[in-house]
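Presented as structure tokens, the chain that follows is alone, the form predicted on its own.
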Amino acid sequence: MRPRWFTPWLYLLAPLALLVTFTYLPVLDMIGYSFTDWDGLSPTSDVVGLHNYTDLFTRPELFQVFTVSLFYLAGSAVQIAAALYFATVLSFRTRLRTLFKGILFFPYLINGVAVGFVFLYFFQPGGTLDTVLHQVGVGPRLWLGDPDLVNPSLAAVSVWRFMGLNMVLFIGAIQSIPPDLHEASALDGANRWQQFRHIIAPAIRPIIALSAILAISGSLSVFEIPFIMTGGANNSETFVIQTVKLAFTFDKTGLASAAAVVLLLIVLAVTWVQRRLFPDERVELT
């Protein structure tokens, strides 16, 4: 008996219903709120058209927070480079490689709130970091209180937490490479660097591109780590923290919705540009 054309859609019905209910419908509501002056509590609101967007683009201070994203973007580059290095090393025959994989991936499994509180003690004056640095003659610092140090410190926390996820993605991609290629290159006298440059890097290029897209979008929408550790103080406020404050502190849900829509459009635009500049290419390894 031939399967009916709608049979696959029956299996997709439940996940599609959840996706529409908890993703697309809230996005449509958010877009609708962005054209109103709703305060988040009143049962009624007035339509203000593009006033929220005009207000958003004519107040430079609302976009200055994007400079904080540059620290996280730089941290993402370090994160991807470190993940690629460890994934390559641990893909070869290395002693205790399973143990090291678990150690490096473990931070990603920890709840973000717990990570924030752990590093609050790590960075506090006289805390773990100051104690370690004191042993090499470095004096204490206000890691979360100094505007020049707070953003690099918070970006380093993000690198520590998410590097393991990228490493696992890279390891999975590297393991899909036929082992015969590694053996043949080793017989030809290729060292580890040459194997990485000519075999591994071209083969996992789509995964590297995916990680770069996730890194850029994540850098623009950082929230939980700085919110928990500093609350946006000392020039550590991100665009998302600012949006949350507009909605829940200043009761400007309409303006906050407009900011969220703008952030969504920026992320989509960056993703589109990156996909145009670095399109997926099927790599044939022979």
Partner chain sequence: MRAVKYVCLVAASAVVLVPLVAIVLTSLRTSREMADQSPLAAPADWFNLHNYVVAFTDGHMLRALGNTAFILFFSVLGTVVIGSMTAYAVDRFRFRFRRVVLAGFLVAALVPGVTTQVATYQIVNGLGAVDTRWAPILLYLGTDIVSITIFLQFVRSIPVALDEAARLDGAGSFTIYRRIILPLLRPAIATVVIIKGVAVYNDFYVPFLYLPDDSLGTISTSLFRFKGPYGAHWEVISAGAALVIIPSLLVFLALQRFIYSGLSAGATK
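Throughout, rigid core stands for the largest set of C-alpha atoms superposing within 1.5 Å between the two forms. Numbering follows the first chain given and starts at 1. Small disclaimer: the values here were computed from a predicted structure and weren't measured.
Absent from the display: the form predicted together with its partner chain. The rest refers to it.
- The candidate site formed by F57, D148 and P179 is entirely out of contact with its partner chain in the predicted complex, as no residue has a non-hydrogen atom within 4.5 angstroms of it.
- For its partner chain in the predicted complex, the listed stretch (116 to 124, 182 to 190, 195 to 203, 68 to 76) containing residues with heavy atoms inside 4.5 Å is 116 to 124.
- The shortest heavy atom separation between R276 and its partner chain in the predicted complex exceeds 4.5 Å.
- By the criterion of a heavy atom within 4.5 Å, Y33 is counted among the residues contacting its partner chain in the predicted complex.
- With a 4.5 Å cutoff on heavy atoms, V47 does not count as touching its partner chain in the predicted complex; it lies far away.
- For the chain shown alone, A247 is a contact residue for its partner chain in the predicted complex, at least one non-hydrogen atom being within 4.5 angstroms.
- Annotation for 228 to 260: interface residues with its partner chain in the predicted complex are I228, V240, T243, V244, A247, F248, T253, A256, S257, A260 [heavy atom within 4.5 Å].
- Superposition of the core reveals a Cα shift of less than 2 Å for A269 between the shown form and the other one.
- A movement of the C-alpha atom of F239 falling short of 2 angstroms is seen between the shown form and the other one when the two forms are aligned on their rigid core.
- Annotation for W38: C-alpha shift of 2 angstroms or more between the shown form and the other one, rigid core superposed.
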